[in-house]
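Have a look below at one chain only, the form predicted on its own, in structure tokens format.
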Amino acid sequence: MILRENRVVIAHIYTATAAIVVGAFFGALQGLSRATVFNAPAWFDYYRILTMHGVLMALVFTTFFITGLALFVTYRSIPRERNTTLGWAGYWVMLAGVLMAAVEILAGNATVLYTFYAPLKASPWFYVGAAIFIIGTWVIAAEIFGNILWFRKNNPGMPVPLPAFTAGATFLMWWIATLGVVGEMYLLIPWAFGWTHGVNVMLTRMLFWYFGHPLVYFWIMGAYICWYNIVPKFYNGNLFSDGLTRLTFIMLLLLSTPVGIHHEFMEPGISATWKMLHTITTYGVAIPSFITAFAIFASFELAARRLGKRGFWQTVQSLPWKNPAFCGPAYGMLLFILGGFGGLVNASYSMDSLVHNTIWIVGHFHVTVGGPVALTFLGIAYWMIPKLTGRALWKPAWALWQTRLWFIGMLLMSFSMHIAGLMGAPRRTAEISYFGSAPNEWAAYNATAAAGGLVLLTSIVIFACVAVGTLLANKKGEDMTVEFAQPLEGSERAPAMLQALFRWGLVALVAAALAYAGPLLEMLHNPGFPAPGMRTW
């Protein structure tokens, strides 16, 4: 049974690996292009490279890894006789959608970046592929929810195991968020096929950001699943609090969606009142992040105290810095501090006005996604793959250096982007010389960012070698038993209100509807002129 379950998880994890390798290659090309070291050929221009990089890294790598991770923690924390039909069905539907969209991007028919902003108009099959991909994730969500409901039915009065609870909260939030994509595709697909003569540009953008910002928290919640349930086992630690962990995930479920309009401060058609309300909720979503920081560091300290260690430095030194599975998440936590700071800047209307169209935003995005999210997933993969395959990790020293290189490369690249952004360097454009009139100060930071991109590419190639090497080179014999972090003995059970996952999902759906009802009515009352669409490439 376990072997059959493992196969579907392995398919998700190795598909994510393929996506990040190709995505990192396209990312390095972008960095070299902005540093004027590489000129993209006309038959595969900069924006096509940018679209492939964004789609592969932001949507394909992250989503496939999280679906695999969520299935893994659900299957292992709720052991039972089951078939994996839904797990496989979701995988194949997701893959079909990705391949359909990728073909259109590679063919040059969908150079619309990962935000697919109208009035840029892609091939309709790109949008159809994106919709199919989302449907595949819903099938995975159904598999996770089904296991949680089975547990409740067969264990009345017992709390859902925390790993499955966190996976369920993550996919409840994802389901609510992806309703925005469904709404957007309802407008874009008929428009792209030519069945409608125009599209409401502002409405499509609002629907995108209804989904786009919760997408970030979908990634973050995936990392949190690892930080709370898995990472403490690496230093013989405990979960700080079962109840606090459930509260954190419920808060993320409630607060992740009603925040997206802070991405549209510069857009017309939305009143200042709604922009202010979304600013407030954006600051609110920082609270579960602060709770997580407290819980993680408290867990570190409690484990260190059991070893007789006291104080900050002794606690840090007691952690397993030679274990790549720990180092990935740990370095990711450090980068998350920087990403969180940048997020607070971006949520401020006045400060966002200064940096919104600069490469500061790209630097923030990379340190947030490439730091706590990607680095956690890469590190946890070094623990998961042996548990899935029964094979010892191939070249663990390489794995350790891979996490270090990724940390260094991400610091170099994102810091350079932040500083260049403060100097006014633009984003989303291949031509940054302004025909020779651009400030010379940008050049050094663009070159440093390109160097960071090459370090990241090197790091990810090493990761792929270790992942494939583990699958092919080592013989079976590794212990496949999985134990998740447990709260301290004597800890109080989480109150019942923190265990009603699906009720909180209903509350989150109502909160999202209330947050967007006003802006939606404003937009429908003043729809503007429908855009026929354009292709600029």
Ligand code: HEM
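Numbering starts at 1 and follows the sequence shown. Quick caveat, the model's predicted, so the values are computed rather than measured.
Omitted here: the form predicted together with the ligand. The next part is about that form.
Legend entry - Residue stretch of 487-495, 47-55, 474-482, 504-512 approaching the ligand in the model of the complex, non-hydrogen atom distance within 4.5 Å: Stretch 47-55 is the one.
Inset, instruction - Could you check which residue among Leu120, Val369, Val285, Val355 gets a heavy atom within 4.5 Å of the ligand in the model of the complex? - result: Comparing distances to the ligand in the model of the complex, the residue within 4.5 Å is Val369.
Legend entry - Heavy atom within 4.5 Å of the ligand in the model of the complex - residue from Lys387, Arg404, Arg428, Lys233: Going through each option in turn, the one that passes is Arg428.
Legend entry - Contact test in the model of the complex: Phe61 vs the ligand, heavy atoms, 4.5 Å: Heavy-atom contact with the ligand at 4.5 Å: present for Phe61.
Legend entry - Contact of Val362 with the ligand in the model of the complex (heavy atom, 4.5 Å): Flag for Val362 set to yes.
Inset, instruction - May I ask you to check whether Gly27 falls inside a 4.5 Å heavy atom distance of the ligand in the model of the complex? - result: Close contact exists here: in the model of the complex, Gly27 approaches the ligand to within 4.5 Å, heavy atoms only.
Legend entry - 4.5 Å heavy atom contact, Ala438 and the ligand in the model of the complex: No, Ala438 sits far enough from the ligand in the model of the complex that none of its heavy atoms falls within 4.5 Å.
Legend entry - All of Leu69, Met333 and Tyr382 with a heavy atom within 4.5 Å of the ligand in the model of the complex: The answer is no; none of Leu69, Met333 and Tyr382 reaches the ligand.
Inset, instruction - Taking only heavy atoms into account, state which residues of 85-117 are within 4.5 Å of the ligand in the model of the complex, ordered by sequence. - result: The stretch touches the partner through Leu113, Tyr114.
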